[in-house]
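Listed next as structure tokens is one chain, alone, in the form predicted alone.
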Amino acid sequence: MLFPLYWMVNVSLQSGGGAVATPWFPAAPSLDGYVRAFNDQGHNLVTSLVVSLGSVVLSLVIAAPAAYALAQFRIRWATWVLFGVLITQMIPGIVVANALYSAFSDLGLLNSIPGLILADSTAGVPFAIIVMRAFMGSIPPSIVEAARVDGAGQLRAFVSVVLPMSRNALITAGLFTFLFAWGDFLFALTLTTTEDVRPVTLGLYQYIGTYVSDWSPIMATAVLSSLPAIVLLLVAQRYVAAGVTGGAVK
């Protein structure tokens, strides 16, 4: 299972690494591929980072109060609203991308970072609502009521009591939203056409051509683009485990 990861690192350290007849180990490791990857894809990596973090912030700002309302308030159509949120997860990405292309063209959001943040948030917001609603539903209403008795308004009780208690769910939703946005290819391909705004997934795709002879910068870019996801998963794994299972136990 880890062989593709090993092969990616192996080829990235080969000088003039080819697609075939590549040695199993880099006898003379070279960082030339990483130097070229930084030079060619550094801007794209920064774009991906900005878009991914922006999608996390936007998704959590929208999804956290929505999940809290669906979990704790007596909303008449809450079940149908949640069903609608689930339905959005089943719509093929290409359908969403085509719809967004027409809307973004009218709004002037094509080839822009805000446009990509909005597009990636269409996947992050529903997922975050589902994850956080399950967790917030397990918070005893008496805790919020106690905060209200102490003089806190609805907003302060939500910010000072509910959000800290929902830390694991927030981290889980934020992490998966980041991974969605970081690995997005479809929205980037549909909604951007310029080099000024180009995520690393699209940059990596356009790196690969029919007559490519040196795969070391391509694999080096793949290694660099994998690092944020690996680091975040290692740092947040215990919060993710608690966030995924927290809403299942009441």
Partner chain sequence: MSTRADAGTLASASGAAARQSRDGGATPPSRDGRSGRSSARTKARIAELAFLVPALVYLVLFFGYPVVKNVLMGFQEYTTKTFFTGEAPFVGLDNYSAVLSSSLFDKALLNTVLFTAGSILGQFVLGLAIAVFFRRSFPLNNVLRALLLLPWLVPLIASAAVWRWILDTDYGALNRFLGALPFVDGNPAWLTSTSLALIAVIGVNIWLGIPFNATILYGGLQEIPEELYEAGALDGATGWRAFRHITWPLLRPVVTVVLVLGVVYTLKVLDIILGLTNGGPANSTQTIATYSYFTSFKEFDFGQGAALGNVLVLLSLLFAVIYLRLNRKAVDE
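Fair warning: this is a prediction, and the values are worked out from it, not measured in the lab. Numbering follows the first chain given and starts at 1.
From this point on, the text means the form predicted together with the partner chain, which you will not see here.
Taking a 4.5 Å heavy atom cutoff to the partner chain in the predicted bound form, the contact residue among 147, 113, 134, 165 is 134.
Taking the partner from the other structure, the partner chain in the predicted bound form has a heavy atom within 4.5 Å of a heavy atom of residue 11. Using a 4.5 Å cutoff between non-hydrogen atoms, residue 26 does not count as a contact of the partner chain in the predicted bound form. Taking the partner from the other structure, the partner chain in the predicted bound form has no heavy atom within 4.5 Å of any heavy atom of residue 48.
Of the heavy atoms in residue 97, some are within 4.5 Å of the partner chain in the predicted bound form. Every residue of the trio 69, 82 and 215 has some heavy atom no more than 4.5 Å from the partner chain in the predicted bound form. For the stretch 119 to 137, the set of residues having any non-hydrogen atom within 4.5 angstroms of the partner chain in the predicted bound form comprises 119, 121, 122, 123, 125, 126, 127, 129, 130, 131, 133, 134, 137, in sequence order.
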